[in-house]
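Presented below, as structure tokens, is a lone chain in the form predicted on its own.
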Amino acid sequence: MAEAGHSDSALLLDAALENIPYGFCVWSSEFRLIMWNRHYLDIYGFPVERMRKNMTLEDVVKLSADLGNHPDQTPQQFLTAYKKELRNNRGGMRAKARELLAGGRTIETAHVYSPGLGWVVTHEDVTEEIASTEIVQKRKRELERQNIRLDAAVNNISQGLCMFDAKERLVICNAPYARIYSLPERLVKPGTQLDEILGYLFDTGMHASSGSRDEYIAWRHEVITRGDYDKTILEFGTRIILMQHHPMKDGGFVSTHEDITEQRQQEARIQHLARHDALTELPNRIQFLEEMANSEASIERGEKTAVLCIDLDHFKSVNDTLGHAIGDKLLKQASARLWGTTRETDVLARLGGDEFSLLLRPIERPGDAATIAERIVKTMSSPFIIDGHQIAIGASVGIAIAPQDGASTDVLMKNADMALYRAKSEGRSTYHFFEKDMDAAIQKRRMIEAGLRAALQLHELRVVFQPLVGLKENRVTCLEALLRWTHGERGNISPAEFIPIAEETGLIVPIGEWVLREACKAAVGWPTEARVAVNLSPVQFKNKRLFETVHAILAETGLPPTRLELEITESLLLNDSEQTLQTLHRLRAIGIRISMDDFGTGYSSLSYLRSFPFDKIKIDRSFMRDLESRGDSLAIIKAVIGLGHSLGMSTTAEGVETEEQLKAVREQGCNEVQGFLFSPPLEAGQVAALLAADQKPQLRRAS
């Protein structure tokens, strides 16, 4: 680097050289190093402490070679060639050359001879430019316009740059500086006062974050007087400029000016994306919770506010059947419909997946929220047309009103979510207000879920068996495995309570596998060849290895496949899944019997019987219960039994509890009956005794 000078000119030159983006050095006519800048040291890797003024070219070349530079030449070869280049260029013309440095970098040098000074050389790393022909050509054109003189150097940096002396008079400025502010030629001449330039800038549209015109100019003078580094943001027309002030030792200063308009726009975009959903452009969870937090003060003052939690009904099945691309388009259309139901002061957000939330502020009465909720349910009930598909989904809505249902964000969101859960449990495509007893119901559900996760390890689950009696054989032909749970603190919990939760959480998969294994192990030890029936949940069929799991359990326990019945419900076939049907056929092919449970309670039952050749149809117990009070129940029972016979399927009547019910189904030709008339569910240890007694001519009915 050039030594510290004793004149204003030296200080100005030092400041300018350190701001140019190239390596810079000057060699005397005797090939001794006169001056250099920091970029020159960085390019060649020269340590600062090894460099001194008047070093010979030989010493510098040797140091460069020791650092691994010029690997294609010996130090003597490079020195000879370099001296020859310099000696041949004494006519004031600008000459260029390239050097190979350590790490495969290529440096382009440009030198010009100045009588009385020596050779002035610039150095630029052009490795990346060489990689692209177009970039190389561009850099060549740029280098052709370069000049070793100071004004050429500063004109080729990207930032606007200007230098003022201690009396705030312009010393030099580059073209980008004049271009950024559209300065006329008279204001870029050396000697122009800073105040004159600043006055022109404010007259032509500049604004400063630090205040008015006079305040900004006063601030600039204060910064200059203090001799501190500083930076500020300026607005010039539609552009945003970052100005940085760099003081110099002699009282002058250099300032750089950078147009950061695009950077600020990008930052604003990033800020927007951080608080908005990328797919729908709606506010996201972060933004929504911030808006709710901002509303808490109004709620404390008594302003009524409503929070609506919204779930799209059946959205998952759309993703599963039509794919995520269609699902994304559906979300965009659904969000547009939801937005159309809101008011200008409301905030609609997508929290994730198919979950949305709506903040209504202010409202006068709960009925206002109900009106919006009805509008949402209605508008979402109309089918969507996407890529030729007509898609029907719907929406469920939960509502919490502030302050009566809570005044804080967390409480309101929790209560609205509980209300949503109630709306979904009551059939979906409806709305529900939060009620005080909902929290107890949710807590009970959470207790059941938490208990189920530990129930297997704590041995709280057990399997009981209810006999199925063959009317023709007059004996027990099958026993259905039923799951029971005795909680360590709450005692017996009904399957009607915990089975749906197990299915929703996916816990039914490991629990169902355990039940199947326990049932098969028990059946192997029975004294007769009675079959064992095990229920399979639709959730278990989502496991692509269900067949392998069943096959492995049969092999592990030694139960013949012909003694196993698997019971499924009509809901399994709702989506007409090819994988589901394939699994059912594979199970049936090894001898396992497949039964349709609860027949007659779902939709399109007849079409399901056509889609798969079931071995058995189980008539739902509701028809037995209504047999004496409703005449159509007997007609349905008769039709189902007749249908089963015509399709080659046996029939089982569930819930038989009276002699009259038994007589009715026997007369219609039913094959099996199940119910308390014969036996309640039995513990595993009681089954052997029942089956042993079953060998007698007459089966004893339950008392």
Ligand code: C2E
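As the structure is a computational prediction, the values presented were derived from the model and not from experiment. The numbering used is simple: start at 1 and walk along the sequence shown.
What comes next is about the form predicted in complex with this ligand, which is not displayed.
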Of these, 591-599, 544-552, 557-565, 80-88, which stretch puts a heavy atom within 4.5 angstroms of this ligand in the predicted bound form? 591-599
Answer key: of Ile157, Val171, Ile499, Leu289, within 4.5 Å of this ligand in the predicted bound form (heavy atoms) is Ile499
Counting non-hydrogen atoms within 4.5 angstroms of this ligand in the predicted bound form, say which of Val121, Ala208, Val377, Leu483 makes the cut. Leu483
Should Arg621 be counted as a contact of this ligand in the predicted bound form, where contact means heavy atoms within 4.5 Å? yes
Given that this ligand is not shown alongside this chain, does Glu672 nevertheless sit within 4.5 Å of it in the predicted bound form, heavy atom to heavy atom? no
Give a yes or no for Gly655: in the predicted bound form, does one of its heavy atoms lie within 4.5 Å of a heavy atom belonging to this ligand? yes
Close approach of Ser255 to this ligand in the predicted bound form, 4.5 Å, heavy atom: no
Heavy atom within 4.5 Å of this ligand in the predicted bound form: which residues of 514-537 qualify? Val515, Asn535, Leu536, Ser537
